[in-house]
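First comes one chain, alone, set out as structure tokens in the form predicted alone.
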């Protein structure tokens, strides 16, 4: 009776037809035994389910795929074989959230074959870690599956439960990933980008994403029925979802699982499911902090295009270089330096010339000047998502950057989703999506071309992060969410919960170039540079306290970390600016200490160079008393804590600048308590004594 009831529940979750009496079932446990994956061929369907500490995480859910030219793997399937393995290794990141990463997992590879039709098989490889699972499809070369294996549907399902709380951004709207995170019951959600984060009725947190996205379409979640999602792949213009041939391996589908929300953050699954470094010696990849001619354009102090307040001039860039050199910043980003910004660049990426500076921008002189000051220029390639135009110039553009001492380039793909320009083999102009297989391939072409010149990439308007920074360590960071610029003109700007939400959603994918550190928290209330110049809506402003802006350097990780405001705004508040100068951008260890999704979060990170620890905590619109354990410090050892915290009357709206800067002695292992103002934060540097 129990077995029959289980099968009936499974059929209800997936909508199966009647099942045969016999079904094979295999299980895989995580090393600590808390996570169990169950794989079956019940009803002729390949299915899996996931539990944690005995509670359901993923209900029995379908596996499989359908091809355009061949029989697929969707019904009449049986388990034809299986193999098991386990691994426990530790590897070293050249840069990252932590230097040493442990990869401990158990593995089960299950081969499915149809009981009718041509002989063929597909393997689903599962890996179970203590913090979640990953699985992927592996299609070996075989006689029945020769030629093009174009995928028209991937049938992977995720039965999360309709009452499960879900935090997500929509996947089928024009602004790519750049939306405020939405919250609601999973049963009410139609589509979502990943990572998508969940908390079920039993209080178990989990996140669905993917790892090692190579030569495949990006996966989003599409609702089949309430609480049951299917892997939705972005199609080619006029074509299938994925163009491929056997043999191939899909990206890993990942499900991170934890009792507490911070357990999702303290997981290395995404990195561990990627291949090791393919670039060899990457000592030239340099984490660090930078400033740039960027925020000035967003608040209308400067322009990208030429004219009386053009930002990217030789004189203005030298001013930023001098500021960077004086305060220990490694780089200066310059946007608007090249030909193309004067036209309708948003809608006409054909205008951009990536080897032709504006007349008032002396690239060769600035490259020389920056290096003489111990600083490097950071290049900028805005493409307006016109890939045909960019790729025709890309090699020469990277050569130019290398010649002028550039070690990092920020790429940009500003365009509505679905408006990527591709020219096909017949010379016909096509439009693709930012997260299509075509763009997945483009980004890797950029990363590989840059690596040949020892240049790192910071991609904006990107395809989402899936851990490929392990395989290509010069792919250092990217955007892929609502960043700081929305606080200049977003209408509405990012809400007070935004950064605490990102920590549990977007940041699970990998580093983000959020560009924190705004010190003028009411930028649109200043008079315009010219009497007739534009000024933005005063309601567009960072909805944070000043202390929270400092805390973001610890909370939101990026190995290329920007101090985004204007030099004069930092010079006006040098006491607060000291924390940005002191905090590192590359870490020996990182620990999410406490937090709840979208409410608050606290991190501790140990600098890789100094070995000093830093703490950062932020909250939403609710002020709160926060207490964290200093167990990350050496027990019993004394430290000098340099604390930047909200003042007693601080509030993001009425008094955002109120901040107390103080020092006090603390001891490793004791509790550290602090009050966070509404949309406030705290930033702390711990210096060992003796």
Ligand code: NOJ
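Positions refer to the first chain, counted from 1. Model, not experiment: these values are computed from the prediction.
One more form of this protein should be noted, the form predicted in complex with this ligand, which is absent from this view; the next part is about it.
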{"query": "The unique member of 362, 74, 335, 316 whose heavy atoms fall within 4.5 Å of this ligand in the model of the complex", "finding": "335"}
{"query": "Heavy atom within 4.5 Å of this ligand in the model of the complex - residue from 504, 472, 294, 135", "finding": "294"}
{"query": "Contact of residue 345 with this ligand in the model of the complex (heavy atom, 4.5 Å)", "finding": "yes"}
{"query": "Residue 485 within 4.5 Å of this ligand in the model of the complex, heavy atoms", "finding": "yes"}
{"query": "Touches this ligand in the model of the complex: residue 310 (any heavy atom, 4.5 Å)", "finding": "no"}
{"query": "Proximity of residue 327 to this ligand in the model of the complex, heavy atoms at 4.5 Å", "finding": "no"}
{"query": "Segment assignment from 272 to 280, 216 to 224, 153 to 161, 379 to 387: heavy atom within 4.5 Å of this ligand in the model of the complex", "finding": "379 to 387"}
{"query": "Residues of 121 to 143 having any heavy atom within 4.5 Å of this ligand in the model of the complex, listed in sequence order", "finding": "none"}
